[in-house]
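This document opens with one chain alone, in structure tokens, the form predicted on its own.
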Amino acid sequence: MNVVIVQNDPAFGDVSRNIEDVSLMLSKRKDPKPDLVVLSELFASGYQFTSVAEAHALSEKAVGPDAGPTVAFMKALSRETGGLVVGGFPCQKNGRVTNAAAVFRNGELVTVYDKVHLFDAENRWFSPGEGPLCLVDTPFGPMGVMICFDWLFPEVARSLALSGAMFIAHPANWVLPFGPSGMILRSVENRIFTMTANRVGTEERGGLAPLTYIGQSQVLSPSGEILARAPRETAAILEVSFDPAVAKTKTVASESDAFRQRRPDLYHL
């Protein structure tokens, strides 16, 4: 499975330019065509909203003739590659705006996942996702999707893994410094591949505290090996090939199994 992770540096509100930048980054890579492209959280809109009205103004419908430019770009990219594309956008649905990730396969929309765990000021602009968690069938095995702050809740990755996910696509806008190392644990404890697409740059808008994004997009193996990691401060593309079937094995040692030895009868949910 050939995976491409895009770490971009979007300018807030300049959707067309941000899409063009990502398109240019992708155009510079060589064949083979990727089986999966993971784009960052809100990769075309920018992240630091300052009002509900602003979130509505930049939100997009995911389906129908009024589908927005970010959605159209991901759909076209998936059609061009013939594979999967996962990327974040502000989604307009039923009068609400959610922080969402769309999943496309062969140019067709598979699903839209609404972020369940909103971070800090996001709670002012977005409606939290109502579930369910996102698990998608792919030619390479089941894929989970979570967005940024979802990672800090171990139940998300664990639930996806218990449901069969062999790898997780993780669009993010990380500002907290422990995200990259924390995701190593998510991979190890669930024995799955994880792929985080973060962004870089700084936003300081509307009198809010400045946000500096820490880059370090990465691909991790089920054993916690860093298969690839991007720089902290510059836009970059990662390209990694791996065998998702490795994630079928939950063995930690000859007599220890990460899933078989679970004791849910003792856990407090």
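One-based numbering along the sequence shown. Note that the structure is predicted; figures quoted are calculated from it, not measured.
Heads up, the form predicted together with another copy of the chain isn't pictured, but that's what we're talking about next.
Peer 1: Using a 4.5 Å heavy atom cut-off, which residue among 261, 249, 16, 23 comes into contact with another copy of the chain in the model of the complex?
Peer 2: Of the candidates 261, 249, 16, 23, 261 is the one lying within 4.5 Å of another copy of the chain in the model of the complex.
Peer 1: Please pick, from 76, 136, 184, 109, the one residue with any non-hydrogen atom lying within 4.5 angstroms of another copy of the chain in the model of the complex.
Peer 2: The residue in contact is 184.
Peer 1: Select, from the options 84-92, 136-144, 109-117, 195-203, the stretch whose residues sit within 4.5 angstroms of another copy of the chain in the model of the complex by heavy atom distance.
Peer 2: Of the stretches listed, the one contacting the partner is 109-117.
Peer 1: Contact between residue 223 and another copy of the chain in the model of the complex at 4.5 Å, heavy atoms?
Peer 2: Yes, contact at 4.5 Å.
Peer 1: With the cut-off set at 4.5 Å between non-hydrogen atoms, does residue 96 touch another copy of the chain in the model of the complex?
Peer 2: No, no contact at 4.5 Å.
Peer 1: Although the partner isn't part of this model, could you tell me whether residue 155 comes within 4.5 Å of another copy of the chain in the model of the complex, counting any heavy atom of the residue?
Peer 2: Yes, residue 155 sits close enough to another copy of the chain in the model of the complex that at least one of its heavy atoms falls within 4.5 Å.
Peer 1: Is there a heavy atom of residue 257 no more than 4.5 Å from a heavy atom of another copy of the chain in the model of the complex?
Peer 2: Yes - in the model of the complex, heavy atoms of residue 257 and another copy of the chain come within 4.5 Å of each other.
Peer 1: Sequence order please: the residues of 124-148 with a heavy atom within 4.5 Å of another copy of the chain in the model of the complex.
Peer 2: Those in contact are 124, 129, 130, 131, 133.
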